[in-house]
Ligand SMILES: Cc1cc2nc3c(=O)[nH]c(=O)nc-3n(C[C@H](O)[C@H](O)[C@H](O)COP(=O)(O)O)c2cc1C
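Just the one chain here, laid out as structure tokens, in the form predicted alone.
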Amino acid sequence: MEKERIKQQVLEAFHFRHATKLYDDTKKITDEDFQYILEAGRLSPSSLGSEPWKFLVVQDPSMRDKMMPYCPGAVEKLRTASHFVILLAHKGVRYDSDYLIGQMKDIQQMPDEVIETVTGHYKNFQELNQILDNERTLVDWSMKQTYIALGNMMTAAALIGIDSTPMEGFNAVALGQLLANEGLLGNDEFTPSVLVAFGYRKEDPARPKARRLLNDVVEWI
């Protein structure tokens, strides 16, 4: 019975969640609830356990104003959402990068001899999947990982009745330059990947959620 209750709760959360257009700017997410959402992102899986992300929580109204010219798809959310997050992707996460070696050594606590072996495996993986072709393919690989964290954060929010809106409607170069000028990209380590707003809807959706049937999107072989 407990398993069935959890399954129903999760499915209800997915039915509840929608790409919220208008947020109620009088309602704010509690610190406790937003820490839970961030924790869902932090605990997300990533390729090679690389965690090639950083979550910028933009609460300063003046910073939100500065972003608006470069984020036309997010203007209303920047104005009204309780919380606004820029998911940054780590650049240059090669198999032999200081970042990935540090991840294995300091975070995953692999012994040196294991790191040497695993690094060879990672090299083969990245070569096989053409991740090492150029700087763009490397950052695209990191960006893919940020979407795993994004999905988990949005689902975690929906489970406790908090709305969210994922957005790609921004000028990545211009936004990146703004963030760099503000000292928010480290030593050119990161680049903006995707945006997401969190808060409480101002009004319910005009129509129920529409999705293709399960049989249309699943094929068993």
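Numbers for residues come from their place in the sequence shown, where the first is 1. Quick caveat: nothing in here was measured; it's all calculated off a predicted structure.
The discussion below concerns the form predicted together with this ligand, not included here.
Stretch-level contact check against this ligand in the predicted complex with heavy atoms at 4.5 Å: of 28 to 36, 162 to 170, 43 to 51, 176 to 184, the positive one is 162 to 170.
Interface membership of residue 201, defined by any non-hydrogen atom within 4.5 Å of this ligand in the predicted complex, is ruled out.
In the predicted complex, this ligand stays beyond 4.5 Å of every heavy atom belonging to residue 10. Within this chain, residue 120 is remote from the site of this ligand in the predicted complex, having no heavy atom within 4.5 Å. Within 4.5 Å of some heavy atom of this ligand in the predicted complex lies at least one heavy atom of residue 77. Checked against this ligand in the predicted complex, the residues 92, 73, 102, 151 give one hit for a heavy atom within 4.5 Å, which is 73. In the predicted complex, this ligand lies within 4.5 angstroms of at least one heavy atom of each of the following residues of 1 to 32: 17, 18, 19, 21, in sequence order.
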